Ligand SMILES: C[S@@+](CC[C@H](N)C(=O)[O-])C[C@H]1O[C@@H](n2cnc3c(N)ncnc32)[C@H](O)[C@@H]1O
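Have a look below at one chain only, the form predicted on its own, in structure tokens format.
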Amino acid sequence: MKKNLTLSEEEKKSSDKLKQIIHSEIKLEGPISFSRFMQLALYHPEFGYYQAKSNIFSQDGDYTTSPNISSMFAEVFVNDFEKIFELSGKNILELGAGNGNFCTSILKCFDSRKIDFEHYYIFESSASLIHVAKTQLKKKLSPKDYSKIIWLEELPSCFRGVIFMNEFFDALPVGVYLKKDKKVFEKYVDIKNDHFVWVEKSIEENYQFNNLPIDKLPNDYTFEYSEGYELWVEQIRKTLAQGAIFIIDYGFHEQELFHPDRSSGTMMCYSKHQSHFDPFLNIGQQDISCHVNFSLLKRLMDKNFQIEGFVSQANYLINANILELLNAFDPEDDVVYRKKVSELNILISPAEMGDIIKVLAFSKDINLQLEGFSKNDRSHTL
């Protein structure tokens, strides 16, 4: 194990308690699906990763996201959001708002530009992150703007405005599957000598994979599939009456995702700014995620929504004039300017987040021309 993946005593106690809970379930019910294991590892109400940890995004945490790198990330969405406000409701609904940084940056930008909005709705399942977000938002926003934030336990109906989600779909629990000998096997989690191990069960009917190109996959190919895609798309369908949806996440269109070079799947674990492939390590103290299948998302969304564009994060940010935001900083102020250039580089560089993270948008009952998709739209690849 890498040295800095070693847990503190408190972290180890929490991890051991969650491990025992999962052990007990397996002993009682037999091997569990990886989807169930991932659900417990990430979302157990007391010991799951998103409940047990509150410093996920910090320098001392496990990883970072675009809204936590720079306020410029949120600010470039404002022009497109404003267009949507003019055509539908002046509301934002953010799914999985984390520590609230995107909300903070957006509302501070609205305030400086005198952009009116009705409400900012937040749906976040982690109690610890809600506490962090509320503390930050109350501290950084005006009382008037803070009063317009509404915390949700379920999605509203007849929503009009912008639905925004950054790194939401990659964190949905997935089943893990293996294609071999022209059959599909599901990989379950069992216990052997007090350790978690993989076991395989044959799937006789592949009806749940109607949306995936299973027949085209080579032999000995591991892949992930989340039923959560369909569940959340259905939730969004019931929620959005008019407006637009922005999905920002890391992943690929299907041809890239199911490339032979990815025959081991795309599941990754993140802890203390390091990545590895062992989901059974430090359970409840590390993130587990999978690359998003944007082609599948499009097929599911096509039934009720109009696609507006699909670009890399770098393309969206540049199209939406993030480089102009840099002009607001004085190059003579060496410390600040260097910091902003560094932030920008992380957001748009192909070697950093620029290419691997994509921006996918849909609309309902409005006609849009969004700045972020004005060039290099890759919708045809989905």
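Note that the coordinates shown come from a computational prediction; the quantities given were computed from them, not determined experimentally. Don't overthink the numbering: it's just position in the shown sequence, from 1.
One more form of this protein should be noted, the form predicted in complex with the ligand, which is absent from this view; the next part is about it.
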(message) Within 4.5 angstroms, counting heavy atoms, which one of the listed stretches 215-223, 123-131, 183-191, 261-269 is next to the ligand in the model of the complex?
(response) 123-131
(request) May I ask you to choose, among 171, 301, 76, 149, the residue with a heavy atom within 4.5 Å of the ligand in the model of the complex? (result) 171
(request) Select from the listed residues 176, 107, 247, 97 the one whose heavy atoms reach within 4.5 Å of the ligand in the model of the complex. (result) 97
(message) So, residue 47 and the ligand: in the model of the complex, are they within 4.5 Å at any heavy atom pair?
(response) no
(message) Contact with the ligand in the model of the complex for residue 80, defined as at least one heavy atom pair within 4.5 Å: yes or no?
(response) no
(message) Against the ligand in the model of the complex, would residue 232 count as a contact residue? Criterion: heavy atoms within 4.5 Å.
(response) yes
(request) Could you confirm whether residue 166 comes within 4.5 Å of the ligand in the model of the complex, counting heavy atoms only? (result) yes
(request) Can you tell me which bits of 65-84 touch the ligand in the model of the complex, meaning any heavy atom within 4.5 Å? (result) 65, 67, 68
